[in-house]
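Alright, here's a single protein chain in two forms, structure 1 and structure 2, each given by itself as structure tokens.
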Structure 1
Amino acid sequence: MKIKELAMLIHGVVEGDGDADVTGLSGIETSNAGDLIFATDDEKLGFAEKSGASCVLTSKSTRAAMKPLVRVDNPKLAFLLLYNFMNKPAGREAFTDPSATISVSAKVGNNVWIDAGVRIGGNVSIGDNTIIEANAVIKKNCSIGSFCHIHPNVTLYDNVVLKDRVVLHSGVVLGADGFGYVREKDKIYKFPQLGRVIIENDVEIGANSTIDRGSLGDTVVGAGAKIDNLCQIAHNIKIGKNFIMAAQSGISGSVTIKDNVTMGGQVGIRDNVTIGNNAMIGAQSGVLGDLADGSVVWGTPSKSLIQTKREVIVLGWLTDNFIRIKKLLKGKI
């Protein structure tokens, strides 16, 4: 496809030879003739000019270059859109491997792909164009929407609901019992776990992550959420739209997370707190209380990012100057 044709798809402005052909997309380091790459600033544009690529996606504020450019508001997003356009998944016809076990009461939509070793329980419904890969287990009364992709070895316990275009990577477990117990003297009693897990549209959940069903209500993950590998979401949690959760993070039970929240890796959130809209939580933070809308926090216990940075700087200064301070105080510390 010609550069000027690709530019029209992303509302870009061409500088240079718009009639040159683009045959693929690549990163700067691995690019060859015919590739389109992206550069978000002048420094990266310098590397791009030395590459073998035929065209560079860049922002409207970068300098001119020797290679053909396509200028857009957000080069990284434009690159993603072009990648999706050039790599549309091929349509699949309906297929069920002979080794799959499907209950007679299950309802399977059109063009559903069911791979080897899959087990589907009673009263399960599966929407059109969904892919279920090898050895996935879908227990009774689950509902799966259209265009979902369930990778190998995923387990859905009873009553799990997936809306449309949900992606579950290998090893995901949805709907296991929450960690709910009542201690009385020298005994521990398990509290009933009766709720569901509901995953809204366009959610992607990384490998070996787990989401527990609610105890009395439902655990809900809002539309557009992106959850990394090795994450744990406990029972009764309510998560809003466009949530981002990086690897090895965990959320305790009955937490409310509002829209557009971002969590770094290895974050822990205690139970029964509320995280406000647009909050950002730095890696390895421990959140012990509510966070207001727009909060930016870091550390354990989590504090505002500015306060935590101040404390780190002061602690470093005290460590470096401890002997001198001790001499000034004549050994009183």
Structure 2
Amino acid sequence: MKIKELAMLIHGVVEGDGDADVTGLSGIETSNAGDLIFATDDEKLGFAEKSGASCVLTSKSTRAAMKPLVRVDNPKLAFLLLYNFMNKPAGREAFTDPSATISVSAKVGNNVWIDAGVRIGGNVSIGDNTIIEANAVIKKNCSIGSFCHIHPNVTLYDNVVLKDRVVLHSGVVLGADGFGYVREKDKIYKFPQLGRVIIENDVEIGANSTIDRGSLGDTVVGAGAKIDNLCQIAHNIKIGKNFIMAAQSGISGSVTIKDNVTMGGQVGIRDNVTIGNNAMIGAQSGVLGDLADGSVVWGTPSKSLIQTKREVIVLGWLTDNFIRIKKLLKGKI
């Protein structure tokens, strides 16, 4: 495709030879002749110029360059849209590996791909164009939508619901029993874990993450959530739209997360709290209470990001001046 043609697709402005050909997309480091790459600032544009690439997507505010440029509002977004345009997923035909074990009561849609060693239990339904990869286990009464992609070695316990376009990476476990016990004298009783896990449209869940079923109600992950690897979502959590959860974070039971919440890595949220819309929680925070809409917090226990940053500075200063502070208290200054 010519540079001027692809520029039209992304509403870009060509600077330089728009008739040159682009044959692929790549990163700056790995680019060769024919590749289109992107550079978000002048420093990266410098690397881009030295690369083998034939065309650079960039923003409207970077400098001029020695290679053909296409200027757009958001070069990273334009790059991914171009990528998606050039890589429309090929329609797969229906396939079931003979080593898969599928209950006779399962209902499988059109063009579903079921790979080797997959186990599908009774009364499971699977929507059209869904892919279930090798050795995944789907237990009974699960409902899986269309265009889902379940990677190898995933486990779905009974009654899990996946809506459409849900992606589960390898090792994900949905619907295991929540961590609910009642202690009475010297004995620990397990509380019934009867609810479901419901995953709304367009959710992607990273490798080896775990989401427990609700105890009496359900655990719900709202549409558009992106959950990274090794995350833990406990029983009866309700998560709103477009949740972002970075790796190794965990949420305790019965928490409510409203819409557009963003969470850094290794965050912990205590049980029974509510996180307001658009809240942002810094990495490694420990959240011990409700957060209002629009909160930006950090630290354990979490406080406003500004306050925690101040506390870090103040503690450093007090430590550097510790001898003087001790003297002052002794009346020696």
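A quick note: this is a predicted structure, and the numbers were derived from the prediction, not measured. In this text, the rigid core denotes the largest set of C-alpha atoms whose superposition between the two forms falls within 1.5 Å. Residues are numbered by position in structure 1's sequence, first residue being 1.
- Structures 1 and 2, same chain in two forms; the form predicted together with another copy of the chain is found in structure 2.
- With a cut-off of 2 Å and the rigid core superposed, residue 313 has a Cα displacement that falls short of the cut-off between the two structures.
- Superposed on the core, the two forms differ at residue 324, whose C-alpha moves 3.7 Å between the two structures.
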